[in-house]
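Just one chain is shown here, as structure tokens, and it is the form predicted on its own.
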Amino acid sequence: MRARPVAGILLRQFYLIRGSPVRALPMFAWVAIDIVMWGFITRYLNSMSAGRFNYVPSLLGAVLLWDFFTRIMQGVSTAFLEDVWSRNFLNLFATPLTTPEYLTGLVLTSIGTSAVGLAVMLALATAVFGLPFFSMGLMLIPFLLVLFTFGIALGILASGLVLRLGPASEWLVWPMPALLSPFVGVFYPLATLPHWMQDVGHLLPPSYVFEGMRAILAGHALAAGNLAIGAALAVLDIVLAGYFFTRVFQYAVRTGLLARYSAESVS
């Protein structure tokens, strides 16, 4: 894999944001609204519980982690959709750009954009609402890495679906995190779900993250084995997503779909 083509993908995204600063607004606007809204909800719940339970770590911490995952996923898919909206695929792949280099550029773009959102979330949650996010220290790293890896996998999968089904299918991208959230127990233990939903949740890496975080907040030891299962699933998902995107791209080249790509759905 060569560094210059990857840097070219990053540079293009930089120029897009620099040329239209409004594009930078979604990096922090929606996460800020989420943190502020849930921050005041946790304050209200704390006042109702009269100090018997602190909802800030459990609820606001879950919102922060889930928004982090969502920003990672949407960072990849939005960078891909920029090429969809501008009909830029033929320009890109007329160069000696390979699929792994293109996906790496999307992933690095997602890291940059999601870092802005994470910084805003941490600033608001810790400074305004007193979330003790950093009190967990190095234990946070494996949790964030699992969410990061699965977010990248989901973003690549969503990009592959849009490439295969056409630009009109981009509506599939945005609700993906919301569709997964009931199964992974963002705000509640998996044990509260029906058995079939628990079975689905155990196949999704974020469920191991949120179950592990709740266990630590309850004073239990970190279940390293369960987190390792989540990490293994996340790595498997990113490999499968990369394979899926590569096969879809090869199909698009072989059938001429890439040349015919337009604002219409394709079959």
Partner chain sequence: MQAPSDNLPRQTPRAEKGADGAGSDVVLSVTELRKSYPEVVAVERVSFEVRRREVLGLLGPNGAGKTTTINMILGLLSPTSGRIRIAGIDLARERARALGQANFSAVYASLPGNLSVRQNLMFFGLVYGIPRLAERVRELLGEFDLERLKDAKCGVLSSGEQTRVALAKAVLNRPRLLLLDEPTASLDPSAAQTFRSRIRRLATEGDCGILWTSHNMYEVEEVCDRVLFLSHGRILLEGDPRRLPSEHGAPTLEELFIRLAREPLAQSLERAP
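Small disclaimer: the values here were computed from a predicted structure and weren't measured. Positions refer to the first chain, counted from 1.
Unshown form predicted in complex with its partner chain; subsequent notes refer to it.
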Among 67 to 75, 140 to 148, 111 to 119, 82 to 90, mark the stretch whose residues have heavy atoms within 4.5 Å of its partner chain in the predicted complex.
-> 82 to 90
State yes or no: in the predicted complex, is some non-hydrogen atom of Leu25 no more than 4.5 angstroms from a non-hydrogen atom of its partner chain?
-> no
Report whether the minimum heavy atom distance between Phe249 and its partner chain in the predicted complex is within 4.5 Å.
-> yes
Hey, in the predicted complex, does Thr98 get a heavy atom within 4.5 angstroms of its partner chain?
-> yes
Could you tell me if Ala94 has a non-hydrogen atom within 4.5 Å of its partner chain in the predicted complex?
-> yes
